[in-house]
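Taking the form predicted alone, here's one chain by itself in structure tokens.
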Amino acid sequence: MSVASAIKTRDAAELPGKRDEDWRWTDLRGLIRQVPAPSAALDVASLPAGPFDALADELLVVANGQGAAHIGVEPGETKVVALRIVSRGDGSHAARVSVDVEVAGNLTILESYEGEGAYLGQTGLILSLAKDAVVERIILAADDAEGVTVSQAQVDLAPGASFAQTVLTGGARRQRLETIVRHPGGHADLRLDGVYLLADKRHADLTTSVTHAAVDGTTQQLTKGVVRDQARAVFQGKIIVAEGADRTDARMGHHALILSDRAEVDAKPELEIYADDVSCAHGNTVGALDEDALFYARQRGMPEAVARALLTEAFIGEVIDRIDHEGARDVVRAWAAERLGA
């Protein structure tokens, strides 16, 4: 089953659904009975500025599946690129983006998903990092409440490479942000983080899979989220340590706050370990705000709504603070504060 293939053929039967284990909580086949007609072309020049435009050396816009689709970094080069994935209207579209970072290249990708309408969109990304390359990828997903969007990234690391990713999302009608990483060991370093802030009936699915194939690799993963109203969050994180991938150090954590009785969080953290000499762990918690902290804040004269917003902002702040790019970190903090009403 493939979202891109379903869009190409306009065959809804090709969409993944609840019978597919990795998609059981993000059922597209049960939601979409007929794939919409292809999306109309957009005039890129008429689009408003994106959230990261002012921070970038280079701007690429993929609008309704059309536009520039390759980012290249030469050996030793440093570059900051704003990649905008824009969806408008009620059609369907798919796009592919490739990223190649050569030896010792340094790339910051400031990636935004910007939507208006009841669209169906899919973006496939292929990222290749050569030896000692450094990439930070920051994704801010601001899809429409009626949109359905799937982002699927395949990341290939070389020994000595470093890849850090932070996904931040407010969800959509259905939304899946997926990252698959091939980790070669060899002192390559990986960080996969995420924040979801969901309200109303929005849905967000953060799915990752990392395969450690050889010795001396590290992975850190931290995802935090807040759901309220009738929103639904899905977290699926898998770390596989292959036979012979000794001295792997892999850590995964997922922590969520549920702020209403009708909100839902489905979490599935997994470790598959086939090597002996490893240091691996995962943790998962789902709960409510600390009532003692809330009571203390209110006793100090703080209105309840403000106290709740500040406590939830502090809860997700640990993830945001791990973003290296200062300008992007400030943009993300402002986005989070707006969504939380702080």
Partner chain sequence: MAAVKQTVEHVASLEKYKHGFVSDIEQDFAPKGLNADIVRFISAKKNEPEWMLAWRLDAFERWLAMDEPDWAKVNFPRIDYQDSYYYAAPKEKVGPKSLDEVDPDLLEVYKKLGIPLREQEVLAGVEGAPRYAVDAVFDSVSVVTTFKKELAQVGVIFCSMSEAIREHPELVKQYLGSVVPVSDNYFACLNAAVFSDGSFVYVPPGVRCPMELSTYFRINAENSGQFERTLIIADKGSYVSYLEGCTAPMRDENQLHAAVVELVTMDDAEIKYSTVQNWYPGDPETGKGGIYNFVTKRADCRGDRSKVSWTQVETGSSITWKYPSCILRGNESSGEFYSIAITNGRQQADTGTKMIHLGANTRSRIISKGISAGRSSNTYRGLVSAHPKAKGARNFTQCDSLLIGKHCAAHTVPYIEARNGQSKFEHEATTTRLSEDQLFYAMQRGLSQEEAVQLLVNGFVKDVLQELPMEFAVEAQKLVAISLEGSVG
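Positions refer to the first chain, counted from 1. Since the structure is predicted, the reported quantities are computational estimates derived from the model, not experimental observations.
This next part talks about the form predicted together with its partner chain, which is not shown.
Remark: of stretches 312-320, 47-55, 272-280, 32-40, the one touching its partner chain in the predicted complex is 272-280 (heavy atom within 4.5 Å). Of the heavy atoms in R19, none are within 4.5 Å of its partner chain in the predicted complex. Put simply, D246 is close to its partner chain in the predicted complex: some heavy atom of it is within 4.5 Å. Among residues of the shown chain, R10 is not one whose heavy atoms approach its partner chain to within 4.5 Å in the predicted complex. Put simply, S260 is close to its partner chain in the predicted complex: some heavy atom of it is within 4.5 Å.
Only one of the listed residues (A267, V103, A95, I71) places a non-hydrogen atom within 4.5 angstroms of its partner chain in the predicted complex, and that residue is A267. Of the residues in 20-45, those that come within 4.5 Å of its partner chain in the predicted complex through at least one heavy atom are, in sequence order, E21, R24, W25.
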